[in-house]
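One chain comes next, on its own, written out as structure tokens in the form predicted on its own.
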Amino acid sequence: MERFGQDTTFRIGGDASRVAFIDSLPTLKHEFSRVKENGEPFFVLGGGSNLLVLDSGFAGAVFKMGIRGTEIIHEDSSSVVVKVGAGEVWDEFVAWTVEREFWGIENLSCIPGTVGAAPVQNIGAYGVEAKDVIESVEVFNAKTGEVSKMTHDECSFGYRDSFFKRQGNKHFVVISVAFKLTKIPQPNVGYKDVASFFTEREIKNPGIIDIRSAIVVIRSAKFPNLNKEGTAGSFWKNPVVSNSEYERLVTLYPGLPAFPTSPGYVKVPLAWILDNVCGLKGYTQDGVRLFEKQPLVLVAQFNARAEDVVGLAKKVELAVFSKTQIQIEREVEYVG
């Protein structure tokens, strides 16, 4: 058995039968031929920031994605397309783009994990989602051994969702991602926390470096120190409800915020519900708690068990349903 749970940002959970580091496409192909021959289950691990490994561990092969490389494949006077290896650290790539004043992902600063996870999860924060800038995704088909390129539309992006997350598609492994970024300044500072940051400091025309710096400060205040305790970031998705359902909820809970999504639907902040409706901000049970600065974040002491995290998560989900009739959906994936 080899370490698995300890190599996630939760730092809890069991081990895997074996772990292989994938630093190139030939290595990836070799390892997949091995699991195919042995009939082994597999799991592709990026930065380990959006999953919980169960205490029983994983009876199969874990492939630690380490394919690197950042390359400009097209550039003109107004835009640039950058191809990035799936194993690159996401925030290092964001810093690389900010340094060159390539606009588009500065609001996604400080999100833990690797580039390969960006299209899978359609990561998002502060008014921006990865789908806004992804042009194409290069994938390896573990069933056929073929490498192909998927267009933006073929990725079927949704809210914290994509083609790659859905059942039956897990054999498509992200190798690299092509991002189309702009050289024309396009500050996105409408999100409440970001707008407040600049208003308080009387910064009227923030540049790309200012925006990244703001996101770093804002996120640092909302998320725990990973050197002291474990977390997978936001544990649940924010619920999306119909306008009529929102009217019912806001009658019961005046002040409930809402943000328009698709026609006829709004997104409501789960953190507000957990705090103001359920009174669960900071709630602690068996070494696991809802973070006192952001209750959407579930935090675990390093000596906690995955079972303790699952137990608290279930309690929270039942409490939200009891108060609102909303069945909240996990953003974190359980493995094992």
Ligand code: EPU
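Everything numeric in this text was worked out from a predicted model, so none of it was measured. One rule holds for the numbers: they count along the sequence shown, beginning at 1.
Beyond the structure shown, there is the form predicted together with the ligand, which is absent from this document and is the topic of what follows.
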**Asked** in the predicted complex, which of 199-207, 69-77, 245-253, 121-129 comes within 4.5 Å of the ligand (heavy atoms)?
**Response** 121-129
**Request:** Tell me, out of L28, A61, L296, A300, which residue has a non-hydrogen atom within 4.5 angstroms of the ligand in the predicted complex.
**Result:** L296
**Request:** Just give me the single entry in S162, T97, S234, S136 that has a non-hydrogen atom within 4.5 angstroms of the ligand in the predicted complex.
**Result:** S234
**Prompt:** At the 4.5 Å heavy atom threshold, is K192 in contact with the ligand in the predicted complex?
**Reply:** yes
**Asked** Do E2 and the ligand come within 4.5 Å of each other in the predicted complex, heavy atoms counted?
**Response** no
**Prompt:** Would A306 show up as a contact with the ligand in the predicted complex if we use heavy atoms at 4.5 Å?
**Reply:** no
**Asked** Using 4.5 Å between non-hydrogen atoms, is N276 touching the ligand in the predicted complex?
**Response** yes
**Prompt:** Looking in the predicted complex, is the ligand within 4.5 Å of a heavy atom from each of N141, H152 and F157?
**Reply:** no
**Message:** Residue by residue through 255-281, which ones have a non-hydrogen atom no more than 4.5 angstroms from the ligand in the predicted complex?
**Reply:** P257, P269, A271, W272, D275, N276, K281
